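Okay, here we've got a single chain as structure tokens, the form predicted alone, with questions on binding and movement later.
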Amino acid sequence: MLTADINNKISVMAPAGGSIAATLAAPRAAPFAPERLALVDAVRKAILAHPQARSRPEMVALAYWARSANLARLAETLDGHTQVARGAVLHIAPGNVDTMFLYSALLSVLAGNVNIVRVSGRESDALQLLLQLLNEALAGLPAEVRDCLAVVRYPAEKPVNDALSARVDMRVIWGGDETVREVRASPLPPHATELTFPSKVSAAVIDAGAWAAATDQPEQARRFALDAITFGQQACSSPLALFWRGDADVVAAAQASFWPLVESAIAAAGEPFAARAAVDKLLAEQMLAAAGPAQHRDTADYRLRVTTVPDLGRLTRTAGDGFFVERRIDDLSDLAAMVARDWQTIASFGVSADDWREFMTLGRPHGIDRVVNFGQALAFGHVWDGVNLLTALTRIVAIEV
């Protein structure tokens, strides 16, 4: 049991009337048990039934991920093994992507676990709506199913992390490097396991010749823009840099057509834009100019800013809300010297899967966990940062009789 002092610091956001004690005592289930599928489907239906949720692409994407056909495909990945739930899982959700706490929680629910999910104390309309919809979905379920999930808030204090970590079989930490270090200071039981998802950066690669030949340039620019500006470009998978493959003249022509289309797509998206974001971009431009050769591309305003850095060597998060650095490369092999372990997603256009496989095989970069088409950078999958989450959230039982 948690002490009264610890309990008083924890607020259960969902389910209504829930408690840590009820969740820890809730029955585990077989992976993809009917009652767990019903919970996920209830969340999906709650999202699709709410007009405001249906107007938010990230929530529609969550509902699409939760559709029965996708869950059936996920279940098939467990075929061939006897897999059971890990037990109790503590999830530390990130504050920069509102939907991530539900992806993490629902995948673990499907794995049969009971789950305590700490959400950020940072208020946002999207997070509040998701919590409202989750409560609506859980309210219609039997208590033994509802109690397998407790979404909580508590101060980021070691005694609370200590108390919860001591009672679980697995811990999943989403967030920046500092969050991972902070939570790891709280010990787990000797048998428990852990997954960490620290700070990551992502980029895009376009083959300039393929762009010039594309017949759907406005749509591709729109997809690129949504990959970037959703969540204010703060998601680990949102591209921060764009690498153009091709000779200088072809690249220059491609840039001249690409960026105006992206600028129009950002304006059409109607995302809120704060004055502080413009200041951050201006400061980032000045820092890049002070560090070496840099050329700032003309744009209508500070909703989009692009800086060409011919000798870009290190990809860092310098600003957000539509700030990009770009560089020309002759071949994918030029990336090898730049790729660091914290590179996560490449949003790719016009570069074949065979080219990417050859680069990963021959270049053996320490980073890059996924390569996706434009419009898919923010799409969640059960394989994330090189980890099969569904496999990790279950335990394989070897039956050899």
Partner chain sequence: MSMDARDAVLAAHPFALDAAEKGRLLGAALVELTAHHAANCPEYGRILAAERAGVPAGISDVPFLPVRLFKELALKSIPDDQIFKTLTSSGTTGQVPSRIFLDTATAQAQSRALAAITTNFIGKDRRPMLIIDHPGVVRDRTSFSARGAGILGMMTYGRAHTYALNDEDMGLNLDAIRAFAETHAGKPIFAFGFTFMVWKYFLSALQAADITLDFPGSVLIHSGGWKKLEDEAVSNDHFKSVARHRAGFEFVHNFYGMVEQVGSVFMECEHGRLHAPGFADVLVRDPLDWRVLPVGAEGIIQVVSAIPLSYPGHSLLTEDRGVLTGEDDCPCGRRGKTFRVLGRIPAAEMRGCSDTHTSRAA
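Remember, predicted model here, so these are calculated numbers, not experimental data. Residue numbers count along the first chain shown, from 1.
One more form of this protein should be noted, the form predicted together with its partner chain, which is absent from this view; the next part is about it.
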| message | If the criterion is a non-hydrogen atom within 4.5 angstroms, does every one of E178, E271 and L282 touch its partner chain in the predicted complex? | response | yes
| message | Just to be sure I understand the contacts: of V172, V325, A265, A235, which is the one whose heavy atoms reach within 4.5 angstroms of its partner chain in the predicted complex? | response | A235
| note | Residue within 4.5 Å of its partner chain in the predicted complex by heavy atom, from L261, M287, L240, A192, is M287
| message | Whether E219 contacts its partner chain in the predicted complex should be assessed with a 4.5 Å heavy atom distance threshold; does it? | response | no
| Contact of T316 with its partner chain in the predicted complex (heavy atom, 4.5 Å) | no
| request: Determine whether any heavy atom of A214 comes within 4.5 Å of a heavy atom of its partner chain in the predicted complex, and answer yes or no. | output: no
| request: Spell out, yes or no, whether the shortest heavy atom distance between A93 and its partner chain in the predicted complex is within 4.5 Å. | output: yes
| Can you say which of 151 to 159, 202 to 210, 250 to 258, 129 to 137 gets within 4.5 Å of its partner chain in the predicted complex, counting heavy atoms only? | 151 to 159
